[in-house]
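Each of two forms of one protein chain follows alone as structure tokens, named structure 1 and structure 2.
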Structure 1
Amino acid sequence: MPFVLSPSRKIFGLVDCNNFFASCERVINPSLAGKPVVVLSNNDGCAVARSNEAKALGIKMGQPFFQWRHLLKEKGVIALSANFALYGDLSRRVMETLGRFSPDQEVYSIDEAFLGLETLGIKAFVEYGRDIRRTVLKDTGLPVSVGIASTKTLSKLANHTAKTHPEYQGVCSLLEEQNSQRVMQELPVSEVWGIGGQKARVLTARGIRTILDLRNADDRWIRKNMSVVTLRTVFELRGISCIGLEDIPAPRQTIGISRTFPRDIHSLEEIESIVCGFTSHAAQKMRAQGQITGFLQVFAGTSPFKPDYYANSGSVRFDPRTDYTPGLTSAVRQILGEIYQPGRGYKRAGVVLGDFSTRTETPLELFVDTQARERQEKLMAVVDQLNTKVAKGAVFFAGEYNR
């Protein structure tokens, strides 16, 4: 294999659905077009998606419902409970359509995908982006924006520009250096992919305010005072691609389920049954991936918005690893017994499974009773089959919370 000194230039297209959840609601209810639409989180707690009209009224991402509820009457805001099954379904259709535009596709989140565009012999990238927009809108009814650039970080920036500047008509390429400089000097560092509030504060204090400042920052200072991740971001802003396209999805390293409750929960028994229900679902997801777990963590806490906030967690390891739900839930009960404090009103709890390995690569037989193990596997297979093919939550173990 020849040594490649300077690999050929990469070209990334980032396709991102506009106001995804709100747009999905418009697909199934076209009368919502042009109206301020907000999609709410679990328990209708806060805003998780807003149409442009709702954004214009000042409703913020994550803002609690009670703070802007008055806008329903005053401005005709339409607030909808989230319908995640619908969003998942439409997401799959968008991704299928995008897959036709490049064989190299990374589904990055429910509403966005990176496409590798350097191998397709495309002459006019902006035209290609417009074709993507038209086709996704025709196939799914969803509006998307397209950003094109030589690194992932720059393609995020291009996408942001396409979304916020109507004159781009939803497609922006930063493949030309002049475009790139102009966009970067107009935006604060906090708009960069990978720079959150904390890092933005540190950078701004150092006088690095715009994205262009960050692009031109001193490498040694960044490495010393920030992290390797931030240095990689700086390189990406310079057009040096450091983050590749991951077109084969990696298996999950952790599977967690947690909820904020609609009311405070006081009794240990009630928390136990809820978290055991979460554990059962998490274990089912894990088994669907063909994995077994060596680590389980449980956490529970009161509302962080009230005085005397209390939160605690505990964990156990499994050696050998397991995927047997009753074994997992008995660990959950043990941990909850240790971290639970009577007299508190719990508002949130959850479970995380991790340290997985693939079922087939683990020599369980060395340590456990093989026959018992086979019986457990058969039981779990039957439970999972009933829950996926017959009805969700059709079968559950005693003590599990089941809706």
Structure 2
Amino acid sequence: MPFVLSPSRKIFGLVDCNNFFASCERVINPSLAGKPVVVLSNNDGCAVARSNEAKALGIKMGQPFFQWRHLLKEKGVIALSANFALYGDLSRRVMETLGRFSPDQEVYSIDEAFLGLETLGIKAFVEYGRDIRRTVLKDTGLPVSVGIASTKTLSKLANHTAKTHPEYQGVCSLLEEQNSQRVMQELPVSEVWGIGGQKARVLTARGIRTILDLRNADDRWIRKNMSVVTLRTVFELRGISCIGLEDIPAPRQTIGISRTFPRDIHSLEEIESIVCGFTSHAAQKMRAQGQITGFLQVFAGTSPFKPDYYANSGSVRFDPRTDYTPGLTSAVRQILGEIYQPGRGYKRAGVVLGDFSTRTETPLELFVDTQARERQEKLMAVVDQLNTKVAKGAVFFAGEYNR
């Protein structure tokens, strides 16, 4: 059945960089092309990114280095320490490029972004996706996959299909019902965005084994035995958009929050206030996951659809890692002070936290004031508790934009 765009229908494009960290290393060292490349965590303890060649050798995400060290000699695997400053810079360039394809953009993580496409008058969505791929590769040297669908959950599924099925040539559209059903019938329910291992086991026991089974499941059973969130996922699989560009679950490896502003912003103080608010929200999400961060990136830019387009970013590493909001927002102000240019009207800005670990994984620092750290942890716990139980944004720090 041919696709007909109704005026009210949402269209999302999810653009995801392929093997991002490993691909970044190939940008600065082209001799790595075609070779098995693995990027290691900050302490070189485990694999955090793998090229397709490394995946083919059986190296798993998060697998400890010592378990596959022998492959360095046996198979020529190249192991590299993570370079988050490089990844942050290339991420900024990717997001800048994607900004030229839609004014509605949401940075989901350091290597992923959702684009709103329904208002652009596009008639050939697959060709538009291919244009995105060609342009990003030309401008940054990074390969990407593009998934296009009427909901964010389906666009995630489309992106997965584009990445794992060579016949799609890196772009998959699930706007047509026939193609959508075929893909959902082939994939297990565990591949759905937001369906974890425990949920997948419950659904499988019920006989809901494929994504298509979940889409066709009984609403009353889902609501009673799973959750309203799972029911929302079911609606998304049916093409009913329930998750907007700003309503995104926090990613596991990075947390990114950005916005396109309804008006141009000309004041450094106003941008600082907004991005510090983003940072506070991202830090709360991070703490809810039991994580602390070693990397922060800030970016800001004018509208790519106006003359004299300008965008820039900066990043900082934290050693030791931290989850203390005032320390994070202090770094944000420092970075914005360096990249801000007076006289420009800024249309979008955002922050990305990454290089996560848990406190139990992080060795104690010899010269750290442990009493001060404990006070910071208690303060953050109280702030998070109030913002969770009383109201979102009930407590915030001076200088944050809070609404």
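Structure 1's sequence is the ruler for residue numbers, which start at 1. Take the two forms, superpose them, and find the largest set of C-alpha atoms that agree within 1.5 Å; that set is the rigid core. Keep in mind it's a predicted model, so treat the numbers as computed, not measured.
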Open item on the list: Pick the form predicted together with the DNA out of these two and give me its number.
Closed with: 1
Open item on the list: I want to check L268: does it shift between structures 1 and 2 by 2 Å or more at the Cα, with the core superposed?
Closed with: yes
Task: Large Cα move at T329 between structures 1 and 2, threshold 2 Å, rigid core - done: yes
Task: Displaced residue check between structures 1 and 2: N52, CA, 2 Å or over, core reference - done: no
Task: Rigid-core-fitted C-alpha displacement of R287 between structures 1 and 2 (angstrom) - done: 16.8
